[in-house]
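The chain below stands alone, shown as structure tokens; this is the form predicted alone.
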């Protein structure tokens, strides 16, 4: 086999091997360089997978040559490649800025371990998406979760320890629910391979054990994706984690959890069981609506900009789940588009805040009066990300919200349009608070000597900001990929 044929496993192995290498190197610069090379090599491998699956082809890779269901299978279809691209792409951009930011926020003696944990988190997320084995999902989920707890605890604020512990407790509950659900499935079918599960489950779908497995998995995954009201871990985790961790988590972790829900709901259980027997959409719809409105309203009153964006993320997850709740090809397409676009917009926004934190040492709104005069490029990128968050035309956020509105109209759910509009209006309010303070207030005397952020932070920030504009104008690539993924995922659902 050629190296090209091993891409499905390489996207997991490369960051997994980079983690111990970072510890062995034990010097901040060398560890960063190893992580940088690993993340970009993984990104390049993922692009190869995207090219192979663009036409709807599914890649099946047998570990050790053992065919499923006895062996472990890595299975990459268009949807998996789409999500792998998000995770590896964001990781690659984050690593470009990591050296500068980490040197300011993480003590030098912990930097190598920080990069190791970041590589483990990346490997875990990539593994969740790549594997076709249900128990492997749990294993990779634990790898990413444990490393994430460590990463959050490295924040400079002492409250980072509380945030990490809170996430550990809730994350452990979620992982336990997922493991129980997988155990029930294995008990009823005798297999852990997802494709094999999909073939065997219809014969036992009326059993109460299968319904219980579905419920446990839905709640467990819902906690991981910060489904309202299971989102309580997210604001503190994003707010008090080191800046690069906030960027990475906000842009990737919940997106992988959304992928996991899609995979179990539509591939493993099937839409007939999920929609007709379990009526999942009647659970997701009200929770999504409440998330959009309540989290956006809470974001309006936040003074810490990272907490503001964290609550905004809960609202944006609501938009994604709203698309899933429509349970139509158009709705799921809108959800997948927002998964990609939200990664871009939150990546740009948190990256801009990382630059502000590096220069000012604070992201409290009251400390940033007039900062736009001294850091125009940084806060200009923030404004672009914010416009995409609102859904202004010619930005990526507008594309996914437009698809969501049209999907609601096609489903006959006209009343959802005011919900989406009010959510966007609330986003205008909390974004305008920031714009008004940093651009139109008299400068804070403490900021008089401030200068623009270094190029190592500005470059990745603007790369993500410009991506929001590019995919808002040239949306054919993302919409076409999302539609191809949905066609294979939903099958005959109409």
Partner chain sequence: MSDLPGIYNYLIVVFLMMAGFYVVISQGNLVKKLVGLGLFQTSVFILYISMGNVIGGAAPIVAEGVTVYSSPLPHVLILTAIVVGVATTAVGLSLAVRIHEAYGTVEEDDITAQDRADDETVGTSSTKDAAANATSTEDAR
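The model shown is predicted, which means the values in this text are computed figures rather than measured ones. Numbering follows the first chain given and starts at 1.
Only in words, not in the display: the form predicted together with the partner chain, which the text now covers.
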query: 108, 186 and 360 all contacting the partner chain in the predicted bound form, non-hydrogen atom within 4.5 Å; finding: yes
query: Proximity of residue 182 to the partner chain in the predicted bound form, heavy atoms at 4.5 Å; finding: yes
query: Heavy atom of residue 282 within 4.5 Å of the partner chain in the predicted bound form; finding: no
query: The partner chain contact in the predicted bound form: residue 153, any heavy atom under 4.5 Å; finding: yes
query: Residue 165 within 4.5 Å of the partner chain in the predicted bound form, heavy atoms; finding: yes
query: Among 410-418, 194-202, 84-92, 174-182, the region lying within 4.5 Å of the partner chain in the predicted bound form by heavy atom distance; finding: 174-182
query: Contact residue in the predicted bound form, chosen from 422, 394, 169, 212 - any heavy atom within 4.5 Å of the partner chain; finding: 169
query: Residue (of 290, 161, 207, 232) lying close to the partner chain in the predicted bound form, criterion heavy atoms within 4.5 Å; finding: 161
query: Partner contacts for 122-140, taking the partner chain in the predicted bound form and a 4.5 Å heavy atom cut-off; finding: 135, 138, 139
